[in-house]
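In the structure tokens that follow, the same protein chain appears in two forms, which are kept apart as structure 1 and structure 2.
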Structure 1
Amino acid sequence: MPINSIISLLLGGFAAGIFGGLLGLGGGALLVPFLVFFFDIPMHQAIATSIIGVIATSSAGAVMNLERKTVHIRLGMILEIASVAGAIFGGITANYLSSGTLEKLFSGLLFVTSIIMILRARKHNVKDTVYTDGYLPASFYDETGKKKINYTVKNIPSVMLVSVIAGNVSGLLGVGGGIFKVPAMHILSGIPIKAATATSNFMIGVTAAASAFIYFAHGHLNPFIASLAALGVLAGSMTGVHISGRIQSKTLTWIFAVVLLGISVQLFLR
């Protein structure tokens, strides 16, 4: 492999990881189009590589989030039952679909993702609504507000339903699915956004692992490409989580949403 391809793959993974770490996403939304457009990699192989990237993002981010105690492990495990089941179904289905169909589906996913991101960016300054009369009480120390946040979880079945869909999309298209899970946990269950983002980041690795072995068994994993992208993503997500407190995430969300919208159109017209 030429040295410029090696550097490009590392940088592409790094960029996907840094955006993932900053915005609490898996990074797959950026990594898959990057691999398809710049390296002309078949869609199944790009998805397999992205799933490895999602596991890397989740593993690197979860270390820091667990130490900050923002992850709600118990809720994560309940939702994981639905999410993993969805991912297994998605991973199996993907192997029966053509590259072209997956590209069109991915284009649709990016369109929906960018719209959700724009809606979230517009509501960025809305305060958390925390319930104290739900299930699974938990707490964490909010370093920005300098106070302890106590909260409980409501509407678990509704969030489980969203988790099935998120898991299915993850297994089918190689993304983390956090774009669906974070708003569901925040809006439906009343979990503070920091806890929702951290719990989603913790979950996406387990969800991705559920479909990773399916892609591996079908021979879609190129060790050279996947290793380069994974190392880039690992470094990027660690940097992203580290600098997330110092970056204006609202501006970043807008830029990312517009970029995804552009990629969505380009992928659809391909």
Structure 2
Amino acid sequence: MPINSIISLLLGGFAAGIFGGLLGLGGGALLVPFLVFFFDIPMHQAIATSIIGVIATSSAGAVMNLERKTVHIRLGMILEIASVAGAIFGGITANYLSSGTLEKLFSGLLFVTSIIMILRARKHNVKDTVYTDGYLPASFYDETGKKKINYTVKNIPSVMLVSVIAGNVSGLLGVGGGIFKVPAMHILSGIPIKAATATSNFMIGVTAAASAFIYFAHGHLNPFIASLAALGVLAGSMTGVHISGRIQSKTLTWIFAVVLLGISVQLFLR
């Protein structure tokens, strides 16, 4: 592979990692389109590479978020049970679908999620609606607001159902499931957006690992490309998590929505 392609792959992984760590997406939402658009890599191979990048993002981001205590560990462990089951099924299903079908599914899911986040942000004037009458009470210190935020979790069964879908999407499209987990935890459970992104980062690595072996067994994983992308994603995710602690929830919500909307439109037009 030419040196310029290697540098491009590292930089693309770095950019995907920044958004992955910042938004709890795992980086796949950017890495998959990047590999398909700029390297003309087949969709199945791009997804397999993305899954490795998601694992790298989670590994780096989880440690930093755990130190900040923004991760809701108990909620993450509960939701991960559902996510892993969905991821295994998604990884198996993906091998029976064409690349074109996967691209359209990817585009549609990103579009719907982005619209939901935009409506949510506008409805609440971009402020977190925190519930204190739910379950699994938790708290964290918001560095930007300079205050401690206490919250509880609502609608756990509903979020578990979404986690099954998120796991399926992770195995099917290689995005870590964060595109569903973050909005579900934020909108349905009512936990702050920063806690939602941190908890998503905590979970997505395990979800991705559940389907990674399926893609490897079917020969979709190129170790050289995956390792380069993972290095870039790893560095980018650490940067993204660092930035997330210094950005307002309002800005974080809008970035999440706009990034997903832009990617969905570009991928659909392709």
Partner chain sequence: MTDNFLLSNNLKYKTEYWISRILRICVWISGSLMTAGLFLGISFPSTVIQFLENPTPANIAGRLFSGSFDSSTLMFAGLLFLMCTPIFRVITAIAGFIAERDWRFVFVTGIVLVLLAGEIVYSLFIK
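Sequence positions of structure 1, starting at 1, serve as the residue numbers. Keep in mind that this is a model prediction, so the values were computed, not measured. Throughout, rigid core stands for the largest set of C-alpha atoms superposing within 1.5 Å between the two forms.
The chain as displayed in structure 1 is taken from the form predicted in complex with the partner chain.
Once the cores line up, the CA of residue 92 ends up less than 2 angstroms apart between the two structures. Residue 189 shows a C-alpha shift of 2 Å or greater between the two structures [criterion: core-superposed Cα displacement of 2 Å]. Taking 2 Å as the criterion, residue 15 does not count as shifted between the two structures: its C-alpha moves by less than this amount when the rigid core is aligned.
Lined up on the core, residue 146 has its CA atom moved by 4.3 Å between the two structures.
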